[in-house]
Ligand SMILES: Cc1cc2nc3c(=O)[nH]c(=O)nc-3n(C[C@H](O)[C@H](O)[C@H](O)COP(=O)(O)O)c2cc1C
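Here we start with a single chain on its own, the form predicted on its own, put down as structure tokens.
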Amino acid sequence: MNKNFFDAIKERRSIYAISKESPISDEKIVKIVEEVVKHVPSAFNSQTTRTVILLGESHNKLWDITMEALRKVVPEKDFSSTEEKINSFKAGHGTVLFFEDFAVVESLQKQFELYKDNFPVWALQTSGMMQFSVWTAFATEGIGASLQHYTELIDEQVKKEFNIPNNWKMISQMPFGKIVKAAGEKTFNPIEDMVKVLR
């Protein structure tokens, strides 16, 4: 990972067309996630983020669970596009699940009463940084990924299937794999509407 930082940010895109192959080894994938989880900052150094890397049949099982959950809530006449989308995620090499450990959050709320309302917000900010960092690191290695949010539909069954503690709150799912088709051109709002410089 010796690319320019801004080049890496530009390369991080939502990639939906992915395959079972990976341009790097599973060991390197795990190492990337471990390094990000270790070094991304968190409020009070609370280190609340938890990740689960699903590969092989575990990855397939996640998207089978998601498909069946959606089948219960999406009308049958509209299901074909949903099925296509979920199959595109299942077609990938793996998925990273992002969680926040709310046992740690609640402990901090008790220790620091003055900031108790802020700790859940700070945990979500940490999670956002974590997701962005893994996603960007994957992009520098030629791995395509996207960020999904089927949490409410699948949280309970995923925890049961993969033996995940109840105090871990699922935030998102990141399917990834070899890029089959690049993202389209990205459009931008005027930068002066988004960045103000005051002197």
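In this text the structure is predicted, and so the values were computed from the model without any measurement. Quick note: we count residues from 1 along the sequence shown, nothing fancier.
From this point on, the text means the form predicted in complex with this ligand, which you will not see here.
- Steric access to the site is open in the shown form: after superposition of the site C-alphas, this ligand as positioned in the predicted complex comes no closer than 2.4 Å to any backbone or C-beta atom.
- The candidate stretches are 28-36, 147-155, 161-169, 44-52, and the one lying within 4.5 Å of this ligand in the predicted complex by heavy atoms is 147-155.
- Taking the partner from elsewhere, every residue among 16, 135 and 186 has a non-hydrogen atom within 4.5 angstroms of this ligand in the predicted complex.
- For the chain shown alone, residue 178 is not a contact residue for this ligand in the predicted complex, no non-hydrogen atom being within 4.5 angstroms.
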